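Listed next as structure tokens is one chain, alone, in the form predicted alone.
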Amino acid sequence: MSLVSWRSPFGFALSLVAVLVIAYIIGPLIVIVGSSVGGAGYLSFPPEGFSLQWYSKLIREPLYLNGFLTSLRIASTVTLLSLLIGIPAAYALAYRGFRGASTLVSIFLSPLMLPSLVLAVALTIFFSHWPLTTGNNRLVLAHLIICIPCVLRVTIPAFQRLDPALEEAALNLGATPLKAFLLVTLPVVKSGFAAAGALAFIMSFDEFDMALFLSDPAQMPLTVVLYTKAQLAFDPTLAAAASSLILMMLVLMILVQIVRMLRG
């Protein structure tokens, strides 16, 4: 039973606010998608005519494709490393709690409180004095600073909700600690790992400030490519690139929902 009926004045006002918030979020996306199929040589909404020429131009432009592949490669590497580092750390901090664990959690999550621009400038200065690596490997290390805390933020509560008796039962039945972790603990909290991996991937793929300061000019991520193109000529090809990303995310969300329905 609903706590507040939409027929009441308060319920109607609350529903109206919800509709306005949704329109505020979805509205810019509709404008971008609409502008990408317009026939004019500039961004306009409502679109003037219908044309897919900007998507054709997007496919023929290698800079966009190379930027997408670069961002995909960096985000995949960062996601894998973030999970490999963050999951054991979260397991130690939450499931195997010890004195001072809460303080360590606060320290590890502290990069999320800093603006990415501040981190980008600080890391640029750091790598200029201590060139540990070159190229986009610097960007991978930079993204780990914000993606590992995201993995910890999601996986620590997942481990805290896990019943320790499950792993203890596996140990009593003869399983080694590693087997108990892989065969009992991980399957129980796998949904949290999937959410952590998705969050890390999205943060790395969409991150702009660090990419602008630290990326290799010869292999620019997609965010930097879009920024550079917007500075030179703001044509509907940018809207086509953004619409393609929106469509890709929409298809992935639909596929995830289908898989969940089939499993259910």
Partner chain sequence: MITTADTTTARPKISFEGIVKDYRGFRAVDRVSVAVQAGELVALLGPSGCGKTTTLRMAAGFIEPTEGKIMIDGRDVTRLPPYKRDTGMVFQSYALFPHLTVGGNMLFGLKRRGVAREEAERRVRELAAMLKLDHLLDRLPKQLSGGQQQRVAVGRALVINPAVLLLDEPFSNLDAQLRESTRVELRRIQQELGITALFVTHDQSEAMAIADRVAVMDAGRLAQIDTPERLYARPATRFVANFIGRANLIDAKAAGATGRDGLTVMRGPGELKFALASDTPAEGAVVLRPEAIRIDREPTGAEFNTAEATVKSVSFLGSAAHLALEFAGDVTITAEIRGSEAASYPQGAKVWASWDASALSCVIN
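Numbering follows the first chain given and starts at 1. A quick note: this is a predicted structure, and the numbers were derived from the prediction, not measured.
The form predicted in complex with its partner chain is left out here; the points below concern that form.
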| Candidate stretches 100 to 108, 175 to 183, 119 to 127, 146 to 154 - the one whose heavy atoms come within 4.5 Å of its partner chain in the model of the complex | 175 to 183
| Is P187 a contact residue for its partner chain in the model of the complex, using a 4.5 Å heavy atom cut-off? | yes
| query | Can you check whether A92 is within 4.5 Å of its partner chain in the model of the complex, heavy atom basis? | reply | no
| message | Test of understanding: in the model of the complex, would A170 fall inside 4.5 Å of its partner chain by heavy atoms? | response | yes
| message | Taking any heavy atom pair closer than or equal to 4.5 Å as contact, tell me whether L132 reaches its partner chain in the model of the complex. | response | no
| note | None of L166, L84, A194, L114 but one has a heavy atom within 4.5 Å of its partner chain in the model of the complex; the exception is L166
